[in-house]
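Shown next as structure tokens: one chain only, the form predicted alone.
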């Protein structure tokens, strides 16, 4: 009979525990501490109390970043919750050539976000394909400033996020639709329910938990958007820096040898609070619906 020493299980989990502490727990604790200091990469680290949060209340860039992030979430949330479900219902059917469409919808997911954003930027540039083709057709007289207007740049980035995310969430819905019993659809059809009524009365309730999961994932990723806005604005944050997201603003204050690590850490806590809010709201709404 083999006897295991009491510390054997701890030895097995030690590498993962060390990795988790070094790259997750400790950075989180350090960020919390730095948020109450005036730390810099090469400078001192003096306790300043709530000074960083007081500064945040009067930061116009933070106000713009909050508006941008919230608008980003409010637009992406319904689009990336409903559109992938509709696409999943279409490609779920066993039809000739359906695998081609599944692959076509999923292809943007595996592409690098930076590469896709660069291609998107070339398409939407003043001399890009979209403006050039529209001018050739005579639809517009002058190029549309997709990348130089504050709101057009923001919605261009949103369209990129939606296009790239459709395939990912479609796959999640496909697995959920497999758990919706066919008998329910057949019974609803016998009762005279049409496709739209069956969608709202059978399909949506059957994938409600998956919809909640996707809503949370979309909300968190939208509030933490970085690559799309950074690449489309060439790292400037748009005209006057007014198209920055919260993550872009944190990166702005924390980079370089003169970065304001204390203030960047305080902004990270603001981002955490803003991210947790929609998650709690969605969970509460789901409980009421259930």
Partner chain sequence: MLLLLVLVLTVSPFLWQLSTSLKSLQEDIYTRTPSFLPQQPTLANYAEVAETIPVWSYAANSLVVAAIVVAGNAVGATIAGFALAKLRFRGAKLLLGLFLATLVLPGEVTIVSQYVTVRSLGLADTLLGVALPGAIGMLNVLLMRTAFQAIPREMDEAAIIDGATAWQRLRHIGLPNVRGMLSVVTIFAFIGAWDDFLWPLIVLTDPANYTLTVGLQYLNGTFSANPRLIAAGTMISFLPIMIVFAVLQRFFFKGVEEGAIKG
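Each form is matched to the other, and the largest set of C-alpha atoms that superpose within 1.5 Å is called the rigid core. Residue numbers count along the first chain shown, from 1. What you are looking at is a predicted structure, and each value in this text was computed from that prediction instead of being measured.
The same protein has a further form, the form predicted together with the partner chain, not shown here; the description that follows concerns it.
Original post:
So which of 139, 99, 190, 196 gets a non-hydrogen atom within 4.5 Å of the partner chain in the model of the complex?
Top reply: Result of the distance check: 99.
Original post:
Can you say which of 173-181, 153-161, 72-80, 196-204 gets within 4.5 Å of the partner chain in the model of the complex, counting heavy atoms only?
Top reply: So the stretch in question is 173-181.
Original post:
Does residue 105 reach the partner chain in the model of the complex, with heavy atoms at most 4.5 Å apart?
Top reply: Heavy-atom contact with the partner chain at 4.5 Å: present for residue 105.
Original post:
Might residue 265 be said to contact the partner chain in the model of the complex, defining contact as any heavy atom within 4.5 Å?
Top reply: Residue 265: yes, in contact with the partner chain in the model of the complex.
**OP:** May I ask you to check whether residue 48 falls inside a 4.5 Å heavy atom distance of the partner chain in the model of the complex?
**Re:** Residue 48 lies outside the contact set for the partner chain.
Original post:
Quick one: is residue 224 in contact with the partner chain in the model of the complex, heavy atoms, 4.5 Å cut-off?
Top reply: Flag for residue 224 set to yes.
**OP:** Answer yes if the CA of residue 280 moves 2 Å or more between this form and the one not shown after aligning the rigid core, and no otherwise.
**Re:** Yes; residue 280 is a residue whose C-alpha shifts (by 2 Å or more) between this form and the one not shown when the cores are overlaid.
Original post:
Hey, does residue 93 budge by 2 Å or more at the Cα between this form and the one not shown once the core is superposed?
Top reply: Yes, the C-alpha position differs by at least 2 Å between this form and the one not shown.
Original post:
Has the Cα of residue 178 moved 2 Å or more between this form and the one not shown, judged after a core fit?
Top reply: It does not, since the residue 178 C-alpha is displaced less than 2 Å between this form and the one not shown after the core fit.
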